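Next up: a single chain in structure tokens, the form predicted on its own.
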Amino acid sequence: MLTIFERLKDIALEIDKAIKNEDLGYSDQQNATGDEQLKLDVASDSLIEHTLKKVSLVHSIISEEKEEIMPVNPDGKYTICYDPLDGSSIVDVNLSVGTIFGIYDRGNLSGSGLRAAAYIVYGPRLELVVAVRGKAPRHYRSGARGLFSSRAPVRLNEKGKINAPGGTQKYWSPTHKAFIDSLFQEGYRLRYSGGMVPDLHQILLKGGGLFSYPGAQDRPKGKLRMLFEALPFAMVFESAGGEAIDDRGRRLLDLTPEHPHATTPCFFGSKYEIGKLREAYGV
């Protein structure tokens, strides 16, 4: 699997270069769920596909931007699911965005089949976080000449200070709104950019807090896709000493999506915040 992680570093450098130098406008294409694609979405997707096809360990790939599974190497061990450019709608205002990877056993696209997860942050610094089942996440930062140096392992405190609530508030349930308000009453700080990767990265590096994207009136099953977003970050948070659950209190890594683009309500946080969520939701 180390070969895959090395290729992720190559991908990080190339997409970072594209973000800084290429056209940020919309293409004439749509992704698998009908959303208009930015030219950077298309370029990032193509770059990742081209790179992963060369890795013998990779059996198949699934992009959030495409409908179908793409076979790569018949003898490969893993299926890699990826979101090429999470938060691309805020790249034109120069906020941080990212790329997310879930590395699954071939033939087992579920939480139980997830073997490793990784994400890249394209911000003032280029960073990569990698989590392997059973080990604390490793944090890497790109420096001179594009070389990545290892930082301290990522660890969450029992309780954090950040509250990052996703979704449109007018569609929240009364239960969820009361819960979010209760965290602010406790002194939590609002930190929400509209990009999943930078918001969750901030919670992880600041030691704790809560990121929530509930089911709501406009999106009863949530917005975030299980294979590309929710399950990979669930592994990262659990590996860092936190928790990741859905609105029924189920551990995200115990779930199996009905299809590759299935979504789920999801909550990621330190143990204290997830405990308060369970109390509020009665799960």
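The model shown is predicted, which means the values in this text are computed figures rather than measured ones. In this text, residue numbers run from 1 along the sequence as written.
Just so you know, the form predicted in complex with a small molecule exists too; it's not on screen, but the next bit is about it.
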The unique member of Pro137, Gly160, Gly195, Gly111 whose heavy atoms fall within 4.5 Å of the small molecule in the predicted bound form: Gly195
The one option of Tyr78, Phe148, Tyr188, Tyr213 with any heavy atom within 4.5 Å of the small molecule in the predicted bound form is Tyr213
Given that the partner is absent here, state which listed stretch (249 to 257, 47 to 55, 235 to 243, 218 to 226) has heavy atoms within 4.5 Å of the small molecule in the predicted bound form. 218 to 226
4.5 Å heavy atom contact, Gly167 and the small molecule in the predicted bound form: yes
Does Gly208 reach the small molecule in the predicted bound form if we count a contact as any heavy atom within 4.5 Å? no
Find out whether any non-hydrogen atom of Ile103 is located within 4.5 angstroms of the small molecule in the predicted bound form, and reply yes or no. no
So in the predicted bound form, does any heavy atom of Leu85 sit within 4.5 Å of the small molecule? yes
